[in-house]
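First comes one chain, alone, set out as C-alpha cells in the form predicted on its own.
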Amino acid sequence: MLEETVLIEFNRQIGKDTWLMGFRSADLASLAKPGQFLMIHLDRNTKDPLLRRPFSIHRIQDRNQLMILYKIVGKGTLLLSSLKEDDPISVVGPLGNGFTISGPHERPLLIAGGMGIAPLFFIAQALNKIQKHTIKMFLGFSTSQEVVLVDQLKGLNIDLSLTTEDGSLGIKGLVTDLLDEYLRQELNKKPVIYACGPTLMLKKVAQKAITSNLRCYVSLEGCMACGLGICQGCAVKAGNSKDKPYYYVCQDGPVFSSEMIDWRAI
C-alpha cells in the first residue's frame, strides 16, 4: 500500500453524471490488481470533504496510467468532477483483495449493472491477455443516457449484450434476465462469473450461481471511512465462516466468492 500525491492528466464527462479520470503512477500501477480500489482525497492540504472516498481501479494503460470511473452522487464526487488537468489528488492504495483470474481455457462471464462496469473493465483487460475463448459480458443500465464504454469494451475481444430497463437502447429489461436465459441455454459450458453492480442484482447473480454450482466472484460496495478495516463501517454478514461472523468489504473484499456472503441477510 502506498500514499502518493499525483497530478490529474484528464477528468472528463463521458455520460450522464459519469466521469473518467486519469493520472500516472508507476508504483501504484505496478502493484494494482483487477478488483482492488483506491482511497482518494482532493488534496492533502484540504479538509473538504474530510474523508477520502473509495474508487475502483477502472483500468491501467500505457503501463503507468491509472483511471477511475465515477458518478456524481454527492458533494465529494461533485468536487472531484470540478478538478482540472494538473490538479493534485492524494491517493492511497491499492487496497483490498481483487478478482481471481480464470484459466485460459475457462469461459468468463462478466455481469455489470450500471457503475458496476468500473472494476469489470480492469478484469476484462486482464482476461483478454490470456483467454482462448471470447469473453462474454452482460451490461445493464437504467436508460440509454447512462450507457458508457460500449465501444471500448468491444475492443477487448468481448461479446457484449446490453440491456436498459426502459428499452431505450439494447434489450429491454434487467441484466439478470440475460443471465437467466444464458444459463438455460449454456449452463453446460460452466462459465466463471464476475459481477459488480447494485446489491440486489449481485444477490440474484450469486444465488443463481450457487444453485447452478458455478464459480462466481462479486465485487461489493461498502460505506468506507478508512479503507483498512478500522472503522468497521462496511461489514457484511458471512455466509460460510464459523470463526468470522462478519467480513469487511475493504479488508476482506471488495471481491468475494459468492458463497462467502450470507445473502439472506441482504
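These figures come from a predicted structure and were not determined experimentally. Sequential numbering from 1, following the sequence displayed.
One more form of this protein exists, namely the form predicted together with a small molecule; it is left out here, but the text below deals with it.
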Among 149-157, 129-137, 71-79, 173-181, which stretch has residues whose heavy atoms lie within 4.5 Å of the small molecule in the model of the complex? 71-79
Let me know the one among 238, 220, 29, 210 whose heavy atoms come within 4.5 Å of the small molecule in the model of the complex, would you? 220
33, 53, 215, 204: which sits within 4.5 Å of the small molecule in the model of the complex by any heavy atom? 53
Do all of 115, 118 and 254 end up near the small molecule in the model of the complex, with near meaning a heavy atom within 4.5 Å? yes
